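A single chain, nothing else alongside it, follows as structure tokens in the form predicted on its own.
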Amino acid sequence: MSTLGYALLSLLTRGPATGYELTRRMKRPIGHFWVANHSQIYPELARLTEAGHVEVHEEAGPGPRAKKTYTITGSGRRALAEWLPQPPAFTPRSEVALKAYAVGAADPARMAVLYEEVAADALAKAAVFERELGELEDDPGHPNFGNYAALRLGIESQRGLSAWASWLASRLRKYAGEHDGAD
């Protein structure tokens, strides 16, 4: 099963939902960290239904199509419970890190500006996550504790990114100042 399938099962543990509702649930807070296009959700729901991990209930919709509501099944809960404790796949794609790797190929003063912006953006994201965190419970027994945990990860990650980007910007500024006009 794809990671999107597990993500949809995770969302369905919060209760039955239509595809549209699942798209909305995915926006906050998990959408800060993991995204899927609306067009990906329906084919994945069809695969989950075919595999017996979700059930679909159809009723008359507001338009010409039936309204489909999806519910996680026992099989889906078992599959999700088996997947959750597995080590996450490492996704080694960071444009920020790639640009840091190649930083010597660009003007250090311009790169310093870039990393100052990265630091500021990261702090702004951390502030958004902190506001959202204030609406949640720090209680592992609460149904939305996963939201709380994901936001805590986001806050710490963004603070760390900001500190690193600030460090890099300061080193680049110092280097640029020491080598200004030394062509």
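Source: prediction; values computed, not measured. The first residue of the sequence shown is number 1, and the count goes up from there.
Keep in mind that the form predicted together with the DNA is missing from the display, and what follows is about it.
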4.5 Å heavy atom contact, residue 86 and the DNA in the predicted complex: no
Exercise: residue 64 in contact with the DNA in the predicted complex, heavy atom 4.5 Å: yes
Distance check, residue 42 to the DNA in the predicted complex, heavy atom within 4.5 Å: yes
Contact of residue 144 with the DNA in the predicted complex (heavy atom, 4.5 Å): no
Output flag, 94, 122 and 166 jointly within 4.5 Å of the DNA in the predicted complex, heavy atom basis: no
One stretch from 151-159, 114-122, 130-138, 34-42 that, in the predicted complex, holds residues within 4.5 Å of the DNA by heavy atom: 34-42
Residues within stretch 127-166 having a non-hydrogen atom within 4.5 Å of the DNA in the predicted complex: none
